[in-house]
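To begin, one chain is listed below as structure tokens, in the form predicted alone.
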């Protein structure tokens, strides 16, 4: 076994032998070339004017000719060594094996401890921190990996060279080696050599690369660390939850935690699951608009629903077709299927069911041309009015009545100020901006943090953050009624990233890990309620900070580094 080369040291080049930097060497040779050419032309012109034979040269002219030849060889033969090296070291596209690409493509398709307090409230005193210089030696220092260096053998070095040369595709390493961790290490080293950039600071060890093969991420070279904070306890429907939030934004967990505190001191929040159905909407084209209308009527007819549901439900024991709604654009038909998916988020499940129905329809509508399994009428990972109105995934409403004393003592504001701010900011301000589902203060902040911590698809934050926040004075104006209505929370407790160790631990903390065998779908529904309850807490705290003028002060306190970087910048 041989120790690998340092990640931050680029591979040796021929230009390293020069006593001067390469760009200075190029300048010297360029200057020398044009200088001697000018000198020789001037001398030869003088000899022609004086009728002196050209073959009679002086020592100075001989030296100039030698310098001319040397600089000409450098410029023409090498044209800068760096340019030639880049051509030699960078693999060409033609060197990739098409047969290997097709062979591997089928395969590809086929506890952390914390000592710092979690969820500190915004109005709590900051934790004393020791002031340490960022760069003790006056220059940036890369973060060291807290593990032993990568050990690569001679065979691994040969594979790295083949990947760099392009003879072995990088994406085929897992299938060729049968070792996902080794494949990631080799790919990482090859990437550093190809790009000349260091990946030092990006962890490699401590991750189960087998767990992501074929389902989470392709061609891994490491993993990104995101801190996870805890907000809570969140008292929701009579139960207390410690909510994990993965984020790099300071003050977010602390603010959400303060909202949880206000809700807890006021007796807790209540939630209701309004709808539960994942959607997929294929687009098909028929011979005429009339035929498209006939297919629309066929799909939406109650008489045909049972037959269509039977075909759809064959895709899974948990998939159950709920409804089909269609929209026509000329002779193009968009069919929006909605179905329950148990504890899975359900995108793959509903897609399989839709494919079954499309195959079934081909017999009665042979002129139907399937353009795409998704026609964006679903609508997935895009802000869309259809999700805001019809819902997608879990539709949840969550509410709480915050006591007036809690508003004043914990949230540091008043009921009237919160009601007025909510009307002018979340409702009127969003309307002026033409918001689509964005009638809230920062629902996406909380949704994204909980999604990343629990292994959800972060991109679905787009529609999952659709939320309208309402605030109203109740009990003769003494207390505050606050609610969030979120029509399209898309979550699951099985599949995707939920099976990874860290994300699985966060789901276990909430008590929703895996599938619920006694009541399929209840774990995912509970997770959606927790998301809504967390959003309620975050909305309550941020709106209070805005009403009390605390936003800038709290972010300066929690969202800025306590380290003195003035010396480093100088």
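No experiment lies behind these values; they were computed from the predicted model shown. Numbering follows the first chain given and starts at 1.
As for the form predicted together with a small molecule, it is not shown, yet the points below apply to it.
Proximity to the small molecule in the predicted complex, taken as a non-hydrogen atom within 4.5 angstroms, holds for one residue of 207, 318, 365, 377, which is 318. Of the residues 465, 341, 469, 192, just one reaches the small molecule in the predicted complex with a heavy atom at 4.5 Å or closer; this is 341. Only one segment in the set 232-240, 415-423, 494-502, 301-309 has residues whose heavy atoms sit within 4.5 Å of the small molecule in the predicted complex; it is 494-502.
The shortest heavy atom separation between residue 26 and the small molecule in the predicted complex exceeds 4.5 Å. Within 4.5 Å of some heavy atom of the small molecule in the predicted complex lies at least one heavy atom of residue 348. Among heavy atoms of residue 525, none comes within 4.5 Å of the small molecule in the predicted complex. Shown alone here, residue 520 lies within 4.5 Å of the small molecule in the predicted complex, counting heavy atoms only.
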